[in-house]
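Single chain ahead, written as structure tokens, the form predicted on its own.
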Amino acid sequence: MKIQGLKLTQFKNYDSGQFVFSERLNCFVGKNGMGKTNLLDAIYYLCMCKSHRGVNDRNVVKHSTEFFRLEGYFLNEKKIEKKSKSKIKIVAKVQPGKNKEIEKDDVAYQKLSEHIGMIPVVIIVPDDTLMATEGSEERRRFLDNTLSQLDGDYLKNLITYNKILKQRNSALKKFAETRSFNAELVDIYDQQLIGPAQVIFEKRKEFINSFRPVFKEFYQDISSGQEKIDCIYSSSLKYGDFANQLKESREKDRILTRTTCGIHKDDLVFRIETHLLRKFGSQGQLKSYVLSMKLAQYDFLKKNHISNPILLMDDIFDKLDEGRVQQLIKLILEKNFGQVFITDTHENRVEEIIKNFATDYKKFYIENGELKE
């Protein structure tokens, strides 16, 4: 999948804008705060129906305005039909506080989840290191982002599970407030959680088993290191029946007014040699690790989706040493990462990247939400 053109209206710092992209490499150059990252976020929004930062739409609409609109034109090159190419128009109409509307070829989706996975995308940003240093939520988000783009059944079960979990937690809080307890109601929630949880658990486990070898290979390519690394899936469902776990933790849940076991507590354990990465990994190892995770995510989506993903890379060269920059550029060239978008504050560094792509590229200068090609 490739995006050929983009129109923005009142999106972040853009009053309006119109872009026509190269099908191979696109570079956005400019000082910090000019709007380079916002362009990547606009592309991501058209793919995933939300900002990659996970912020509320009120923080996406341009300041002092009431709505934003995005319009993207995509070329769908299906791998199973090499001669089959079709153009798709995706439009996002968003007025914060009201239901957002996503259209495909002028027809609105009934559910936003129907769109997820149509345009696979991977975004790499400096804050990806939080995946290694922060709590388990960031790592579960990585799992959900990857699997939701490949598997509609996974996304459906994830939405169902989160909805029931929210209801169960709300009931537990209400019981505490009213000093009451309705065991029958909790039983109902428990029964509704079990099915979706099992589906999610099995799909996450299967994914990690396939993902780990690819991830390890990318790490070796980027770091040229000899250390052994691993990514291990951790879930309470590995150690017993979920129904029994819910029963055994019920009293604890009642006291804490929240559900303390389940797939919403799953985690990925990042290891280097025999140690936890976040405690013993150097800055270089940490950056190489999370970058390898994202490149392996791209590779996994590419191999398992009927369309190649779009790769968005935001200001990451500024966070890597020269050796890792060269290795990363080499990987992008050799492994055919399809359509790539890069932002950078240094024009000379961009020129070094561009010269390896021959003539199949476009370079854009961004200043205060305005474009110079």
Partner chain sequence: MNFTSKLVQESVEAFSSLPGIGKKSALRLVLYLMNQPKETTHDFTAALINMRENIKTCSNCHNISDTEICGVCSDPRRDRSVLCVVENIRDVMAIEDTGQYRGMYHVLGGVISPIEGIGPSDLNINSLESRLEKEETKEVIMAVSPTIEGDTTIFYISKKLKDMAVKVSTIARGVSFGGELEYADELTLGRSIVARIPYQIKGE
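Worth saying up front: this structure is predicted, and the values here are computed from it rather than measured. Numbering follows the first chain given and starts at 1.
FYI, the form predicted in complex with the partner chain isn't displayed, but the following is about it.
Stretch in contact, per heavy atom within 4.5 angstroms of the partner chain in the predicted bound form, of 205 to 213, 285 to 293, 160 to 168, 98 to 106: Stretch with heavy atoms near the partner: 160 to 168.
The unique member of Lys93, Arg278, Lys247, Lys156 whose heavy atoms fall within 4.5 Å of the partner chain in the predicted bound form: Of the candidates Lys93, Arg278, Lys247, Lys156, Lys156 is the one lying within 4.5 Å of the partner chain in the predicted bound form.
The single option of Ala176, Leu75, Ile194, Ile188 touching the partner chain in the predicted bound form, heavy atom within 4.5 Å: Looking at Ala176, Leu75, Ile194, Ile188 one by one, just Ile188 meets the 4.5 Å heavy-atom criterion.
Exercise: Thr274 in contact with the partner chain in the predicted bound form, heavy atom 4.5 Å: Answer no; every heavy atom of Thr274 is more than 4.5 Å from the partner chain in the predicted bound form.
The partner chain contact in the predicted bound form: Asn182, any heavy atom under 4.5 Å: Heavy-atom contact with the partner chain at 4.5 Å: present for Asn182.
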